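We begin with a single chain expressed as structure tokens, specifically the form predicted on its own.
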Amino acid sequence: MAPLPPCDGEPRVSPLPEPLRREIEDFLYLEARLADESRYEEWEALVADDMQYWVPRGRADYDPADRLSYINDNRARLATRIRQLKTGLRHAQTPPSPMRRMVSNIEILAVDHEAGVYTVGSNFVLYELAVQAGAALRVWPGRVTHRLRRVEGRLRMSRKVVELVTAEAPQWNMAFLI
């Protein structure tokens, strides 16, 4: 597909075929639901070998190697995080927080059909009932940018960047998959 001319200075992507767009949206909804339901093995199966999972402190306009981030996991570190969550012994998540998130405003930001790579932005609001902290209802709003890549015929995450609306403010413990 040919790129469309920029609109208001923003590059635009040609519309995707509806089945592909639906596949991408379904992937985002599944990824969110598996994280909310603490279904870590199934969530991890959605991850590519070169995954980066990044929650910057502020906007994602810096190199995470140069500044502090809330989370900056490569694939190995992410696997360790998931193993810790699966033990059920993380004090910050004992008992685990019931969570649900809303995903909306899904936009295809970039497409490389030859490589099977899709960059997708979406907004979210995550509701966490922190039962281990007096049953406080915590709200985590933000924007996620996923880089999805087709691996053996299936979409996988190779990058997930979570920009929290409150990223400049002090944060509660993020002892779960955001």
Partner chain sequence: MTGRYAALVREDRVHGSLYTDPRIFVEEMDRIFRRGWVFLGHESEIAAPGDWVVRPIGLESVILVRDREGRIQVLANRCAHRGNRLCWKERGHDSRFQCIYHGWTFGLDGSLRAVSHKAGFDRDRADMPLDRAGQVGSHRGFIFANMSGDAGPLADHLGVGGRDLIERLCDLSPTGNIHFGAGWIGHRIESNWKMWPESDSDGYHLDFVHASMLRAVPDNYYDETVIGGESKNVSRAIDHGGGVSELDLRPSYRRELAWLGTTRDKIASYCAALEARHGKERADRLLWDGPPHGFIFPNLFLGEGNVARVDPVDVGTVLHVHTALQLEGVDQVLNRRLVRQSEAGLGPASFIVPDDAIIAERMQIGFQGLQPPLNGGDNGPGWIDLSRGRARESRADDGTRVGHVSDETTNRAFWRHYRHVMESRA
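Every value quoted in this text rests on a predicted model; they were computed, and no experiment measured them. Numbering follows the first chain given and starts at 1.
Omitted from view is the form predicted together with its partner chain, to which the following refers.
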Taking its partner chain in the predicted complex, would 17, 22 and 123 all count as contacting it (heavy atom within 4.5 Å)? no
Per contact check vs its partner chain in the predicted complex (non-hydrogen atom within 4.5 angstroms), the hit among 147 to 155, 28 to 36, 132 to 140, 42 to 50 is 132 to 140
Does the 4.5 Å heavy atom contact test between residue 115 and its partner chain in the predicted complex come out positive? no
Check whether residue 67 has any heavy atom within 4.5 Å of a heavy atom of its partner chain in the predicted complex, and answer yes or no. yes
In the predicted complex, is there a heavy atom of its partner chain that lies within 4.5 Å of any heavy atom of residue 87, even though the partner is absent here? yes
Would residue 63 count as a contact of its partner chain in the predicted complex, using a 4.5 angstroms cut-off between non-hydrogen atoms? yes
Counting only non-hydrogen atoms and a 4.5 Å cut-off, give the residues of 89 to 124 close to its partner chain in the predicted complex. 89, 90, 91, 92, 94
